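What follows is a single chain, given as C-alpha cells, in the form predicted alone.
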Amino acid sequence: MKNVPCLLSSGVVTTISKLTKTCVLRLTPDNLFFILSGKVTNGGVGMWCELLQNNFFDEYQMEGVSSEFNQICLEVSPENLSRALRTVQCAKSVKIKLTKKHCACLTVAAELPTLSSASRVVTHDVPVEVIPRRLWQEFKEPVMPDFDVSIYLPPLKMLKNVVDRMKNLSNFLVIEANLNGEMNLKIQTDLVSVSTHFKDLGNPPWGPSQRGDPELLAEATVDIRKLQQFLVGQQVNPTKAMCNIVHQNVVHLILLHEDVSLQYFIPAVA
C-alpha cells in the first residue's frame, strides 16, 4: 500500500464508518467501491463511494472469479477496517490481503519502525464475508436520478451547525432549492416554523435545463437524523459538494475530492 495515512486523511473509511455498520467493499482491477445498497424506495439510504486504486497502492493485485467476472465483493465493517488502519499510520509499509483463517479476513500486515535494525510486524485481521456472484447485481453503480434541481452546497460545517440546531425542533427537515442558486432548510411543526436561507450557491453545469422558471423551488422532506448522520461523519473535505433534488422523492448528495467520489441518497418522506 502506498500510504495508509492518505487513505485515512482523505476521511473515506472514517466517514463511511459513521454512515453504516456494514457495507460492501467491491474490488475491481482499477477501483475500490464502498457500497450501501439501501432500497431508497422503501425508505433506506443508499451510498456509492469510488476510489482509484492507483492513488493508494504501489502494488495492487487481484484475481476475481474469472476473466469475465474479474471482481471481488466483500461485506465488511468499515469501523473495524478504520480501526485497523488507524493503528498502522506510522508504518514503513503496509500490506492488505484477503486471507482465510477462522473465517475470511482482510489481513492488514504492517512493518513498524523500531529503534534497532530489526523490524516489527503487526497484523490485524478484519473479518469479512465473501458475497457470491449471484448477488453482485445488487451492487451496481446507481443510476443518476432524473433530478429537478442541482445545486452546490454551502460549506458543510455551516450546514452541519444549522441542521444540528434544527434537529432539536423536529424529526423532519424540508430541503428546497432552485436553479437560481438558492437553497432553504425549513422546519414546520404545529408549534414552530424555522427557515434558513442560502443564496448565490451556484448550480452545476449539468443541471436541468434553464428553460423553466429558475425561481421555481424543488423540495423534499427528509428524516433529519439521516442528513445529520451524513454531516456528522463527514471528513472527506471535498473540493466540490452538490445536492440534487427529485421533487418530493429523493435528495442525492455528491462529494468530490481529488481521488474520491461519494454519493449518498436520502429518500423523501410523505
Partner chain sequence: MQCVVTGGNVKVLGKAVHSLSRIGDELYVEPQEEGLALRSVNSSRSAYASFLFAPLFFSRYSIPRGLNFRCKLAIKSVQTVFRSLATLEKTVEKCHIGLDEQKDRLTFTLHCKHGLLKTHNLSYQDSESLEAVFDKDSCANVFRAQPRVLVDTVVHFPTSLEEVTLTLSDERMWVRNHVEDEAERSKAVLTELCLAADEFDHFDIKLHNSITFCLKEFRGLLLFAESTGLPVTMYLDEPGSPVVLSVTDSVLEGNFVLATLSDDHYLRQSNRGADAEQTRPPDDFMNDDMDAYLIAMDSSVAPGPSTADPPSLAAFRKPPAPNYRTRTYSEEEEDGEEDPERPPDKKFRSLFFGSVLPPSPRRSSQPFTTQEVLASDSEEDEAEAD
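Between two forms, the rigid core is the largest collection of C-alphas that superpose within 1.5 Å. Not measured: the values here are computed from a predicted model. Residue numbers count along the first chain shown, from 1.
Keep in mind the form predicted together with the partner chain is missing from the figure; the text below concerns it.
Interface residue among 107, 93, 188, 161 relative to the partner chain in the predicted complex, by the heavy atom within 4.5 Å criterion: 107.
A heavy atom within 4.5 Å of the partner chain in the predicted complex is found for one listed residue only; from 197, 134, 157, 101, this is 101. Using a 4.5 angstroms limit between non-hydrogen atoms, residue 65 touches the partner chain in the predicted complex.
At a distance threshold of 4.5 angstroms between non-hydrogen atoms, residue 184 is out of contact with the partner chain in the predicted complex. Although the partner is absent from this view, residue 125 contacts the partner chain in the predicted complex, with a non-hydrogen atom inside 4.5 angstroms.
Mapping the unseen interface onto this chain, residue 80 counts among the residues with a heavy atom inside 4.5 Å of the partner chain in the predicted complex. Exactly one of the stretches 108 to 116, 147 to 155, 189 to 197, 174 to 182 approaches the partner chain in the predicted complex with heavy atoms within 4.5 Å, and it is 108 to 116. Counting a residue when any of its non-hydrogen atoms is within 4.5 Å of the partner chain in the predicted complex, there are no hits in 137 to 159.
In this overlay on the rigid core, residue 137 has a C-alpha that sits less than 2 Å away from its partner position between the shown form and the other one.
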